[in-house]
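Okay, so here's just one chain, in structure tokens, the form predicted on its own.
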């Protein structure tokens, strides 16, 4: 197993209480596999990714759990070893390219800095590698763009540059946090195609963070569904798309735009919104929005349990026949 996350808990300690952003989630990723974490904004997806890399800053704190990568618990490593793994074996594409691109340095300078830190290449090889990386990201005439600053790039080009930074050392695991957010439809498709190509070309694993099941369906092998910091469902992509059992997952699927819904007057949505993590409802955190809720849902928090076909689900209404 390449990555194994076990009982991970991350909280933010605020003046008005403890905000449980990631509340006891577990999943694993095999080599060359793509796992997607999906859910609405505010469900804890990005915090889960940042926790894996031990990048949570105050007032946040990882409370407990294990994050085993190639057998080593990343939460127990010192900063030097962590920095080596982050840049060399695990690449990260942040949700907003501006988060990973320094506006005062050229794209080439940022690529070269990463290559100097994590490779043994000489100066000439590093310069050539930086140009090749941009070419691999479909930059036309990459030797011209290597000296460009981030503000000179379009949104799609910034995202490609951010992916190039993450791919500098051909990592074994790429974490992509909402890689198509704020891009137009055409550019989104190009970025998805690029990620699929890179995954196959470099035979790497991927952790994809997304609120869009359409994006997930393009890339994922397996899917974890999060809601209000908790893990609600974990199954293969095929199971999620065809026989998802959790009412929240079913709601996400119904809210997807399909060809047969384009001519409808409205698109189905899940009523309400994600609850305040400082003031969660009693019982299942989804029950105020769930049309199938029963009395038990309003009183007791469901435990996630293993069902058929190596699927996990946390719902009082789902039986072991899943």
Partner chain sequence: MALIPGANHLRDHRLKRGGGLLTLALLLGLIFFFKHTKIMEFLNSKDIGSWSAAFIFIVLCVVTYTYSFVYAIKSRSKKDADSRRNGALHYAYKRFSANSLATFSAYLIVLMFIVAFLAPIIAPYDPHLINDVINTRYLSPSFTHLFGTDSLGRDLFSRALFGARISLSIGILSVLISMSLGTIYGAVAGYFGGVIDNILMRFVDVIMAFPIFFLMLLLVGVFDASILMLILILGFTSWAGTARYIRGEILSLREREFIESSRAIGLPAHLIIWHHLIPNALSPVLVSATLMVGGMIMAEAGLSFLGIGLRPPTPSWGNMISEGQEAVFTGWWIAFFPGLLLTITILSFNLLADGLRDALDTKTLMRKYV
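Numbering follows the first chain given and starts at 1. Treat the numbers as computed from the prediction; the structure is a model and nothing was measured.
Beyond what is shown, the protein has a form predicted together with its partner chain; the following relates to that form.
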Listed residue (238, 193, 141, 96) with a non-hydrogen atom within 4.5 angstroms of its partner chain in the model of the complex: 96
Which residue among 188, 250, 114, 127 has a heavy atom within 4.5 angstroms of its partner chain in the model of the complex? 114
Heavy atom to heavy atom, is residue 50 within 4.5 Å of its partner chain in the model of the complex? yes
Interface membership of residue 118, its partner chain in the model of the complex, 4.5 Å heavy atom rule: yes
Does its partner chain get within 4.5 angstroms of any non-hydrogen atom of residue 57 in the model of the complex? yes
Is residue 86 close enough to its partner chain in the model of the complex to count, meaning some heavy atom within 4.5 Å? yes
Exactly one listed stretch (208-216, 69-77, 229-237, 151-159) reaches within 4.5 angstroms of its partner chain in the model of the complex by non-hydrogen atoms, and it is 151-159
Along 89-105, which positions have a non-hydrogen atom within 4.5 Å of its partner chain in the model of the complex? 90, 92, 94, 95, 96, 99, 100, 101, 102, 103, 104, 105
